[in-house]
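Below sits a lone chain in structure tokens, taken as the form predicted alone.
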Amino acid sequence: MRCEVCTDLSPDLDCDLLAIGVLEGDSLPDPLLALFGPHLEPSYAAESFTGRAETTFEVHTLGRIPARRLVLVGLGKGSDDEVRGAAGRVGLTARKAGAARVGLDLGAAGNAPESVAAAVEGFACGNYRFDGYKDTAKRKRACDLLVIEGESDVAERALVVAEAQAWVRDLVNEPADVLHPESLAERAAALAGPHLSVDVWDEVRLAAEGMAGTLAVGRASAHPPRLIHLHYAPESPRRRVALVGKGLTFDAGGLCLKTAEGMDTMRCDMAGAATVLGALKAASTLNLPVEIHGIVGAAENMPGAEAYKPGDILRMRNGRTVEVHNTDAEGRLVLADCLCFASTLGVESCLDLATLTGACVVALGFRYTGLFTEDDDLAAEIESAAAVAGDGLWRLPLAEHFRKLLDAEWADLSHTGPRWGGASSAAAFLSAFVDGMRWAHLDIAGPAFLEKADRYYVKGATGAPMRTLLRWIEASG
């Protein structure tokens, strides 16, 4: 999709669909009254369209403007997040209609930089579909050109973010027979370019580096595990950070086998990894002045003769021993290896992302990422970034008593705790493998993959919270 900016988006724009934003309680825009007058007002009143957020009203154009479709979209009070949601609904409408050229007028919400960025990001999210495996006759055309009022550099930056988020969604939506540890590493390697290098560790290197968790989880699969290390090194970086992503390309639960229903969407268990890769892709394109290490642990968790077992004791990279109790709690073992490695890189801060626990979904639902950290300043930074990015985020407790729940009989710690507080005890387990850097854990099990459409997202991957990562990185610079 291309994005074209202008100083005055008039109803005369030649496009397939023209969308005009209306603030809650406002009257119809004067240009529309002049064009449609008596035709529009009665139907407008009959539909009780008031500009409330998450509402739209389609107007028959009667050939009076070049656009074949005219849509009024509610902006609510006009906050950036409401603008993002309104634009997302326009994107949904445009894709359903197969509109190739779309004009988006934010109306009284204005063309401030954050509003324009939110609109471009939201529209792209709504316009997205994963339909490459469908018959071509069943696909709806995506938007080729979005025209909006604003500043070109703001729109271009937002388009880079939107394209990276769509790339993440494509990656997460790929079926597991296409995307496995080796092919995920190939997708990551393709991102290499100026200032961005990619190093892939095979199972021999993993063994040499003491990555016992990753090797245990992946050893029953026909597709061996990989560690993917991306390093973005701009000139004169202002800070050094690390992003760590869980890359379970399929999770059958190992010997503690999931149900058939539970496996149905487990291709999404690498959403943390995809989000990290997408953030590196966007950061390098935007030339952000922050050095970033992206670390992905990629594996398939399968049953089989070589599968790791409940009762196994693993000696991890940092020397700690871990007692295994449930092979379906595999992600934390892979992340532990990655966090040990990140701790050796001299970074100041590290964020890990993982579709880690069902407990977090039970606590927060599908719109919120769980944030775990004992660093109040880091928590505030991430919360601020999420607020600007429009990603739902909620801080959950990470206290000493959760670590005590992981006391083990025969090893240094158990890798699972009791059922209650499962998201916090999982975060407590990860904290045992962090050394010498500020750290936060983001449990994205809820918002990363939707079982049904919600707001401007269709069913499937969302790419959340990649926008938050980029905002946090930019603020770090």
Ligand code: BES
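Everything numeric in this text was worked out from a predicted model, so none of it was measured. In this text, residue numbers run from 1 along the sequence as written.
The form predicted together with this ligand is left out here; the points below concern that form.
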| query | finding |
| --- | --- |
| Residue (of Ile65, Ala440, Ala432, Ala445) lying close to this ligand in the predicted bound form, criterion heavy atoms within 4.5 Å | Ala445 |
| Listed residue (Asp352, Glu300, Asp337, Glu330) with a non-hydrogen atom within 4.5 angstroms of this ligand in the predicted bound form | Glu330 |
| Any non-hydrogen atom of Lys246 within 4.5 angstroms of this ligand in the predicted bound form | yes |
| Partner contact for Thr369 in the predicted bound form: this ligand, 4.5 angstroms, heavy atom | no |
| 4.5 angstroms heavy atom contact with this ligand in the predicted bound form for Pro175 | no |
| Interface membership of Cys143, this ligand in the predicted bound form, 4.5 Å heavy atom rule | no |
| Three-residue site Lys258, Met266 and Leu356 fully in contact with this ligand in the predicted bound form at 4.5 Å by heavy atom | yes |
| Stretch in contact, per heavy atom within 4.5 angstroms of this ligand in the predicted bound form, of 124-132, 403-411, 321-329, 278-286 | 321-329 |
